[in-house]
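So this first bit is one chain, no partners, the form predicted alone, shown in structure tokens.
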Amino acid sequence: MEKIILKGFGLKAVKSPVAEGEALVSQSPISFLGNVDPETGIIKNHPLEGESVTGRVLVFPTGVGSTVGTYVIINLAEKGLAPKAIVQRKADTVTLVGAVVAGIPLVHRVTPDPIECIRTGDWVRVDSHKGVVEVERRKK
């Protein structure tokens, strides 16, 4: 089984810094206000329409949109619908603050580029204290 190690900068403020799960990879930025249904965790109005962020490691270039997106992330976590971890090419303040308050491990500025290296369906382990992302390829 192929294993890839990516390194970047991670949140050190989360209580449980390690999480793992199936990757959901977006080539496009995501707005938690407008692209993620706060009641279901299902992505809408986006190329990943119909996919769920719940329990997955969400990999996307960066977040966009209103600061209300921070509250959407927090509400998703309170309902058990949030991603287990987040990997971003470049963290934005909306996603970063939401991840800190919700206790979601987040790693960004990862090399090599996570959008190019990680595929939807891969198994990903994120350690936000160390800034390490381990990827196990799933067979197609």
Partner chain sequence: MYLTKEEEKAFDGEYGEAISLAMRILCALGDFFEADRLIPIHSAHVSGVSYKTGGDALLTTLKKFSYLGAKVQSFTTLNPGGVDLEKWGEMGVEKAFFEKQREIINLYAGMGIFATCSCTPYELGNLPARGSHVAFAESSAVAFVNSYLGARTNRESSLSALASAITGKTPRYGLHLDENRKPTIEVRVTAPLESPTHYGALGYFIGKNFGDAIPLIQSEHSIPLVEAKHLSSAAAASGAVALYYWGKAEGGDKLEKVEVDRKTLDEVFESFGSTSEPEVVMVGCPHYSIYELKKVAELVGGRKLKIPLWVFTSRQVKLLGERFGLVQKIEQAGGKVFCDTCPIVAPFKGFKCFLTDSAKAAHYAPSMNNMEALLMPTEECVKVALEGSKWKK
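Owing to the predicted nature of the structure, the values given are computational and were not obtained by experimental measurement. Residue numbers count along the first chain shown, from 1.
Although it is not shown, the form predicted in complex with its partner chain is what the next lines describe.
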At 4.5 Å by heavy atoms, is each residue in Y71, L96 and L106 next to its partner chain in the predicted bound form? yes
Decide whether D92 counts as a contact residue for its partner chain in the predicted bound form under a heavy atom distance cut-off of 4.5 Å. yes
Contact of A13 with its partner chain in the predicted bound form (heavy atom, 4.5 Å): yes
With the cut-off set at 4.5 Å between non-hydrogen atoms, does G55 touch its partner chain in the predicted bound form? no
Would you check, heavy atoms only and a 4.5 Å threshold, whether Q27 touches its partner chain in the predicted bound form? no
Counting only non-hydrogen atoms and a 4.5 Å cut-off, give the residues of 40-60 close to its partner chain in the predicted bound form. K44, N45
